[in-house]
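The chain that follows stands alone, in the form predicted alone, written as C-alpha cells.
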C-alpha cells in the first residue's frame, strides 16, 4: 500500500499506522461492522481531523486504537502500529501502561469523565502517579501550571473544586489538561468542543495549537463540525458508515471535495450558503450499523450513483495524501471555503 503520510517525504516513520482496522459487535441480529477496513497514518506533531455524521464510526476508531473495546465487541482484523509496536492483541496490562502515558483520550462528556466524588486536584495528580514517580508537591505544581496554560483562572482554587462546581468550558479544559499531564505522543480528542459556546471553542482551539507547538504532540480530532476542525487540522479523514471515504489536506478537501458525501457535508454548513433560499441537505440518513448495503455504502443517498456503484469501491490514492473511495469523484466541483470558514 502506498504511504499516505506526509511524513514519508522525510523518511521518518509515522507515529501511528492503522491498517485494515475492523471492529465488530455481535448482536442478536448478527454481526455489526462498526469500523470496516480503515487505513490511515498520523505523523509526528500532526493534527488530523476525523469527520463525519454521528454514527459514522469516528469514536469507535479512537476506542479501537486504545483497545477500549469490550465484549460483545472485538477488533476482528487489522493492525494499530504505534511507535513501532502493534497494539492489537497487546495484553491489558501493557495497554494500561500506554493509556494516559503515551496515548491519551479526551472524551466527549467531561461530566462522565471526571469523578463527581473527588476534587479536581486529586484526580489530576492521580493521572501522574499512575505513570511516573513524582513528588506530590511537584505533581500539584505541574497540574497548576498546565491549568494556567489552558486559560483556567485561579488554578489553585479550581484544583480544590469538585467537577459540578466548574462550568462546562472549565471541565473540558480540565479533561484536556489531564490528557496532557504525562506529555503523551498522541491525544485522541472526541468532539471536545461540541457542547461549548463559540467563544470558548475558539479559546480551546488556540490553546491546543500552542500546546502542540510546545510539546510536539499529535492529535486525532474527532468531530462532525468541519468549520471547527478546519481551524486546527493539517489533514482531514472523512468517514461514512465505518469507512474512510476521502482524505487529504484541509485546504484541498475544503476547496475541492471529491466524494459526493464530502460535498454534501460542506453544502450543509449555513455560512457557506449565504444566498441559498433553502439549505441543501444530503437526502435520507446514514445507515444504522449492521445494515448491509451492496457496493458503495453511500449509494442509496448519492445523486451520482450508477450501476457501477453496485460494486465495492476501494480507497483510491490519487497523489500524496489525497485519496477517495468513489467511482465518480466530482473533479469539477470547486468550493472556495477556506477563507469563509477561517
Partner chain sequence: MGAFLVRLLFQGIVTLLVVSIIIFVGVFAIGNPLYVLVDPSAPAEVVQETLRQLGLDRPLHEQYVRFVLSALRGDLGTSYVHALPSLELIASRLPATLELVVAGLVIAFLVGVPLGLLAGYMANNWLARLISSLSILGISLPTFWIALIMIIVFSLELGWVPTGGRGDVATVLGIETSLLTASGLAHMALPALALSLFPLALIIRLTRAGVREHNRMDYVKFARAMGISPQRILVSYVLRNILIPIVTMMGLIFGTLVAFAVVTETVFAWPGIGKLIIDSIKVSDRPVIIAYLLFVVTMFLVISFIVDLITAALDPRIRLVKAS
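Positions refer to the first chain, counted from 1. Predicted model, so just to flag it, every value in this text is computed and none were measured.
This protein has a second form, the form predicted in complex with the partner chain, left out of what is shown; the following refers to that one.
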Option from 44-52, 309-317, 63-71, 296-304 whose residues, in the predicted complex, bring a heavy atom within 4.5 Å of the partner chain
63-71
Of 141, 115, 268, 85, which residue is found within 4.5 angstroms of the partner chain in the predicted complex when only non-hydrogen atoms are counted?
115
Answer key, the partner chain contact in the predicted complex at 4.5 Å (heavy atoms) among 237, 80, 233, 179: the residue is 179
Within 4.5 Å, heavy atoms only: does residue 203 come near the partner chain in the predicted complex?
no
Contact label in the predicted complex: residue 249 to the partner chain, heavy atom within 4.5 Å
no
Using a 4.5 Å heavy atom cut-off, state whether residue 99 contacts the partner chain in the predicted complex.
yes
How about residue 217: is it within 4.5 Å of the partner chain in the predicted complex, going by heavy atoms?
no
Under the 4.5 Å heavy atom criterion, name the residues of 162-187 that approach the partner chain in the predicted complex, in sequence order.
162, 164, 175, 178, 179
